[in-house]
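In structure tokens, one chain follows: the form predicted alone.
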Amino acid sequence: MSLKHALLGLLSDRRASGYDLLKTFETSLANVWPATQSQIYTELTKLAGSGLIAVAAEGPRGRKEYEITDEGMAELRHWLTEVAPQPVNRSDVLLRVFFLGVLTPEQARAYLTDLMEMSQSGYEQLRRLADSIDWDEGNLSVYGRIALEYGLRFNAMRREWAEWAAGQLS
């Protein structure tokens, strides 16, 4: 996934300013694809320059509202249907687990306990996010809920797995 496609996806739903997009990232995409203000504005400039989005309106203080173009929608659809997702081949968490044997059993158990707590915290954070959103029947709500459910289930599974792993230590 790329920031380019995340922005195109958000703009496929409605027009938005850079600030609006930043706030959407902070409230809904931060757990999937975090982005900073400077990254978003830089990418918006590139997308506009390549004709994938256009400035739909300009407001006070240079505020620009962007909309996706037909070319941008074609690019988003191409990415969704013809570009295979890149498999996640690296896990800092599991790499550390692989080498926990160099620690004392107490240190290894502490690592796994920290992982349980991190996973529970992530679950609770996503649950609060889910409860704070005014869901509707729009595409971003429907598919956003599906993506959020993945995060909830992933954190629950990782917490349960870490608890099991800690129990395997002598």
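The first residue of the sequence shown is number 1, and the count goes up from there. The structure displayed is predicted, hence computed values, not measured ones. Between two forms, the rigid core is defined as the largest C-alpha subset superposing within 1.5 Å.
Note that the form predicted in complex with the DNA isn't included here; everything after this is about it.
> Q107, N139, T36, S132: which sits within 4.5 Å of the DNA in the predicted complex by any heavy atom?
Replying inline: By the 4.5 Å criterion, the partner-contacting residue is T36.
>> Please identify, from 120-128, 56-64, 107-115, 141-149, the stretch that has a heavy atom within 4.5 Å of the DNA in the predicted complex.
In response: The contacting stretch is 56-64.
> Within 4.5 Å of the DNA in the predicted complex, do S17, K46 and R90 each have at least one heavy atom?
Replying inline: Verified in the predicted complex; spot residues all in contact, yes.
> Within a 4.5 Å heavy atom cut-off, is L3 in contact with the DNA in the predicted complex?
Replying inline: Taking the distances in the predicted complex, the answer for L3 is yes, it comes within 4.5 Å of the DNA.
>> When the contact criterion is heavy atoms within 4.5 Å, does T69 count as touching the DNA in the predicted complex?
In response: So T69 does not count as contacting the DNA.
> Even though the DNA is not shown here, does N31 get within 4.5 Å of it in the predicted complex, heavy atoms only?
Replying inline: N31: no contact with the DNA in the predicted complex.
> At the 4.5 Å heavy atom threshold, is S50 in contact with the DNA in the predicted complex?
Replying inline: No - in the predicted complex, heavy atoms of S50 and the DNA never come within 4.5 Å of each other.
> Using a 4.5 Å cut-off on heavy atoms, which residues of 99-134 contact the DNA in the predicted complex?
Replying inline: Contacting residues: none.
>> At a 2 Å cut-off on C-alpha positions, does S91 qualify as shifted between this form and the one not shown after fitting the rigid core?
In response: It does, since the S91 C-alpha is displaced 2 Å or more between this form and the one not shown after the core fit.
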